[in-house]
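A single chain comes next, written as structure tokens; it is the form predicted on its own.
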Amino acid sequence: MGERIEADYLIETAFDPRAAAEVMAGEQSSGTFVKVPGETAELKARSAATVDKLTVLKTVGEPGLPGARRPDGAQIQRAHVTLSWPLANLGPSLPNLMATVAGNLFELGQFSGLRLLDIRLPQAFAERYAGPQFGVAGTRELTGVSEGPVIGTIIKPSVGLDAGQTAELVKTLVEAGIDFIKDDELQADGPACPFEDRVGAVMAVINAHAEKTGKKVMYAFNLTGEMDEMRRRHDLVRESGGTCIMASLNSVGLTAFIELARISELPIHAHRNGWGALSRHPLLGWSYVAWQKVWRLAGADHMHVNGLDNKFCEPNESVIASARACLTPMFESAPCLSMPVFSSGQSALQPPETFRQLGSADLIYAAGGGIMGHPDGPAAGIEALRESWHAAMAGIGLSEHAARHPSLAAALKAYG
């Protein structure tokens, strides 16, 4: 690839696909809608994006998205396109990468569908951005979970509990044997549960449990806010003995997240709330395979990927592709691996198929109702998850294993 940035797209257009792809390349580099005097042959040779590959896929009857131009009688075709840019156009800059590969493309009139599928970056990006500081290995070390998934949960109700009530729930969970707890993304620093109060109350419980048992549960405190707020909140968590912070990616934005990662001394649990707006339509926005690379480079230690048979609209094959992407090295010299977080309607039912398809247990498996909704209580809910994962990793049938483990049997009955 050399010193070029590459991006793959799915396009749908009623124009000649090659001509439409050239419009993309021009719009995102040296060209515009008319020829201008300064765009010389020499400048184009130095700075223009190029169409490196184009594969026409099929013809469709109706446009996928409204508002696109369609010449009379023109067929609508879909194609895969690869564009590339000289690194010299922008340098190894993630904010400007976003403007280049996902800028004024999605609204171009030639397209009734345009989706960014993947990106490949020169080594210069790995040299500028450190990527995850902790990732899989650091998270395992801090949680004390050397093998198998990190079993986690989410504070529910999402909002409405004050700091003391949150701490009481945390006490129940740590005594039940949980590895990881996170704030819900809706809870940050509201008047009903101020961040400072919550950190103090929760860490008093976690620290006392660690002193008693030797196990310090990882709690991801949601510090989402303005940059100065996030700095102060990070420092408070660190000084209180906490081992994780959480930020909502789409809320804080890329530049703030990069700066947070640079000052952070704790793993960053990166929440993707709002992701559906970027991805839900199959002919618009981003593939998670491309999107997660930006945030991994920026410093995300944990990345949400939904889960199998989740409560949302994402199909299982997309979930697995997302998780595999988080665990796939980006550069030979800098793997830049983030720990995928499986959540959203997970219970003791999904681990066997999750492990079979992913082929790894390097993940956080976060269940809310799948733990708290167990008929015998949260301790039995956590035990059921562990036994389900044990069966999955050992190649034992779930029903067979449940016959010897009552907590798992009760979970399968309750959630099945």
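Just so it is clear, the model here is predicted, and its values are computed rather than measured. The first residue of the shown sequence is 1; numbering continues from there.
Unshown form predicted together with another copy of the chain; subsequent notes refer to it.
Asker: Does the 4.5 Å heavy atom contact test between Ala68 and another copy of the chain in the model of the complex come out positive?
Answerer: Looking in the model of the complex, residue contacts with another copy of the chain include Ala68, since a heavy atom lies within 4.5 Å.
Asker: Wondering, does Phe106 line up within 4.5 Å of another copy of the chain in the model of the complex on heavy atoms?
Answerer: Phe106: yes, in contact with another copy of the chain in the model of the complex.
Asker: Does another copy of the chain get within 4.5 angstroms of any non-hydrogen atom of His302 in the model of the complex?
Answerer: His302 lies outside the contact set for another copy of the chain.
Asker: So in the model of the complex, does any heavy atom of Ala334 sit within 4.5 Å of another copy of the chain?
Answerer: No, Ala334 stays farther than 4.5 Å from another copy of the chain in the model of the complex.
Asker: Going by heavy atom distances of 4.5 angstroms or less, which of Gly274, Gly241, Gly164, Gly214 would be at the interface with another copy of the chain in the model of the complex?
Answerer: If I apply the 4.5 Å criterion carefully, the residue I get is Gly274.
Asker: Considering another copy of the chain in the model of the complex, which of Gly148, Pro122, Gly144, Gly225 comes within 4.5 Å of it through any heavy atom?
Answerer: Going through each option in turn, the one that passes is Gly225.
Asker: For the chain shown here without its partner, which stretch in 36-44, 51-59, 383-391, 356-364 has non-hydrogen atoms within 4.5 angstroms of another copy of the chain in the model of the complex?
Answerer: It is the stretch 36-44.
Asker: For the heavy atom contacts within 4.5 Å of another copy of the chain in the model of the complex, list the residues of 116-130 involved, in sequence order.
Answerer: Read in sequence order, the residues that approach another copy of the chain (within 4.5 Å, in the model of the complex) are Arg128, Tyr129.
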